[in-house]
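Just one chain follows, in the form predicted alone, and it is written as structure tokens.
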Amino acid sequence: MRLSVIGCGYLGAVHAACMADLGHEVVGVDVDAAKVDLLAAGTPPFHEPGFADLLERALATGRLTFTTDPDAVASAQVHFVCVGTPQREDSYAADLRYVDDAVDALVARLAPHPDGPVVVVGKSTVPVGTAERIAARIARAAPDAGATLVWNPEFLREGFAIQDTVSPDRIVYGLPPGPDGERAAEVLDAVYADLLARGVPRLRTDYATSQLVKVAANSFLATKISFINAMAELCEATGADVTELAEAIGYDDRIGRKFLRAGVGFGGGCLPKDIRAFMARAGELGVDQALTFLREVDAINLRRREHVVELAAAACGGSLSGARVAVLGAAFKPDSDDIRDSPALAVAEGVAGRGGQVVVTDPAALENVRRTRPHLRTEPDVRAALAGADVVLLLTEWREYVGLDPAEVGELVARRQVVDGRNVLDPARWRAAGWTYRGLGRP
């Protein structure tokens, strides 16, 4: 099938390449010429394991192209809208300008397609009610195109984006009622035929529910993370061990073990802004009391960052002024170069704000750090970053850092002190090598 993907950021570029790899003809459209040039040359503009090989393979088939020309969508039957919805600068609400701009550009070019019904597929994470508004705009602006909107939320995890695209744990269709919705579902079934043939569950629902699925899922995950971090605060006050607590309650299959590792908290481009946008939309709908608990979820998460700064200060005798602090990790999670709302960088900024001499290292994200935070010192070589450090903060659990030999790196630092902001190091091993080890919620 002929598909267009509007917006070639993290979501759109991966989706476009995966769809082409499945056999569809795909054109990716983006307003950023530099990004389009990189993608067209087979160079990923972001770090994602396996994406470079996938992109090269898809481009070699001739089925995948990238362009800045909005007219290139005209030949497609199915149009995926994959643009970002960041948090607005003046509130918690989602900024929908990119979605609106993409839809405006698309509807001006919609026309009947010889192969069947035209389908516009929304994949961006939007406040509930957005799909209904877009569907009305499509019907009003392009009445002769016979286009139908389907809301098909994405559930990508950075570091696993390809797997989550071609082998998702579910596919959700938000459909309008009646024959138009049925026909649109048949078209989207053809797009995802390979996935459905492998038994991937498909859920058909209404617009409102489909828009709530992603933000509800992210809110649940954020709540689970903040819950165990709240337990970590209690463990520190009582001498208990949060890792053992998490293991014990994780055996209950109603709770499970996933997302129960205490640490410096969550970040990235999804969970923080999604729960805030969810709260904002609930307020607009007059049901803000239903989501007031998310304010505490957010507050607990932010409090963990300041707590790590306090632990670093305590390790340096109460003051960070002049202390050399090695920060291991800048990305919000490993196998990514995404530094949006990164807990690691928030801690680095906090330490620097108290006079600490911060050195940040990361295997993938340093270019983004240099571009957005030029005042922070960066060092690509982890051993050079550790040299002369008074305290080491492990804040992103890259394999390279988890696997460090404490005896070896102990020869590099000025003082053998480590704060394990992700609770991934073996305390006994590090203490045996002469380190003062401090985890979060661990005695």
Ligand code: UDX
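One-based numbering along the sequence shown. Remember, predicted model here, so these are calculated numbers, not experimental data.
The same protein also has a form predicted together with the named molecule, omitted here; what follows describes it.
Proximity of residue 356 to the named molecule in the model of the complex falls outside the 4.5 Å heavy atom cutoff. Interface residue remark: residue 225 is counted as part of the site for the named molecule in the model of the complex, having a heavy atom within 4.5 Å.
Not displayed here, the named molecule is kept clear of residue 204 by more than 4.5 Å at the level of heavy atoms in the model of the complex. Using a 4.5 Å cutoff between non-hydrogen atoms, residue 123 does not count as a contact of the named molecule in the model of the complex.
Between the named molecule and the residues 79, 214, 304, 324, the one pair within 4.5 Å by heavy atoms in the model of the complex involves 214. Of the residues given (210, 165, 243, 218), 218 alone sits with a heavy atom within 4.5 Å of the named molecule in the model of the complex.
Stretch-level contact check against the named molecule in the model of the complex with heavy atoms at 4.5 Å: of 79 to 87, 195 to 203, 127 to 135, 255 to 263, the positive one is 255 to 263. Interface residues of 153 to 174, taken as those with a heavy atom within 4.5 Å of the named molecule in the model of the complex (partner not displayed): 154, 155, 156, 157, 158, in sequence order.
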